[in-house]
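First, one chain by itself: the form predicted on its own, in structure tokens.
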Amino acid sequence: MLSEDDLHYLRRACALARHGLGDVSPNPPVGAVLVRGGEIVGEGWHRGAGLAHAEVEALAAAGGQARGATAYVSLEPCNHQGRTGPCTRELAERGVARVVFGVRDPNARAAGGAEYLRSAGIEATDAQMREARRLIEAFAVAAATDRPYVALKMATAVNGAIAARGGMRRWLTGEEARALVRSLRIEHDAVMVGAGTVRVDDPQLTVRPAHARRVPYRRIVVCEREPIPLDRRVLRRESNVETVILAPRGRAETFRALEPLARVVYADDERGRLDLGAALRALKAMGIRSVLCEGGPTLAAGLLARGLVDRLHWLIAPVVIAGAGAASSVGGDEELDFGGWHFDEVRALGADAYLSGRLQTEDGCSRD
């Protein structure tokens, strides 16, 4: 049975892990806290692939005080030799007496840490903490499937409309909601939009404010039919930012002019149309493990209809866009049912509402 102190230190480990979001791919973000005699004696987080793991950072900070301490780790300590050695061995050799971790490692190659620790006489407890599981969602999906983790951000009016026809000339949501979107961009390997969004809104799709990343950031534009104009801002050269165009091979000639400005990836279905599933598999082959999709409505509906969305971030502004100038909602005339989604976070962001959730499986559990 975990105490309130145990949960407090685990939450601290999760908060430390968040410092690594956007920098540690393809590894998961991990934080660690060492506690002895009711005092924190060391803490750390994983800062990038090939660098020290969170437990090793915390052990280094603790020095001799690690002996007899309890280690709180957001993820089960790894039990394999990669670019760095197994953390389980480091914890055992430094005399840690107890380990409490937030969630089991979903990667079979690295799993087994708890069993190793117990065999070494160290008490190891799986807290099964939802916050810790949420931290590694992207890692877990990318480890278990042949595509990246896909998070979809939607911003709508209360009646489901997305914008006035021809594009909006003002923000639909408030500053707090926009700050959330900026933080989501930092956490993912890439941001993705449809060609219509690029034509109408001409977004830069950069991380703002400037964020020095260890992992290259990519901008992805999905072109189901026609290429985007050559003067769009996503085609400008940005430091450490690559633009990827996803296009159907059957129209390759019309995309030739884009090739000097962006990386064009062709992914077709059997009828020669753009295959979103194949496109996502191609992105993973490029090293992209997580994608934040920011729309527009056609792309969002396509991903949802094909079951390719792992998490939905839904922002609802307290306005109604109606009348002759109202744009379609996500999916247009096609009905999308969100009844099967489990929204595990619902809160206010200024005047806007924010819902975040995952699709439920047949047994009623959120898809992990």
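All residue numbers are counted from 1 along the displayed sequence. Note that the structure is predicted; figures quoted are calculated from it, not measured.
This protein has a second form, the form predicted together with a small molecule, left out of what is shown; the following refers to that one.
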Answer with yes or no whether Asn107 is in contact with the small molecule in the predicted complex, where contact means some heavy atom within 4.5 Å.
yes
His53 within 4.5 Å of the small molecule in the predicted complex, heavy atoms:
yes
Any of the heavy atoms of Tyr217 lying within 4.5 Å of the small molecule in the predicted complex?
no
Would you please decide whether Arg83 lies within 4.5 angstroms of the small molecule in the predicted complex, comparing each non-hydrogen atom pair?
yes
Just one of 255-263, 84-92, 144-152, 219-227 has residues with a heavy atom within 4.5 Å of the small molecule in the predicted complex, so point it out.
84-92
Counting only heavy atoms and a 4.5 Å cut-off, does the small molecule in the predicted complex sit next to every one of Tyr9, Ala66 and Val99?
no
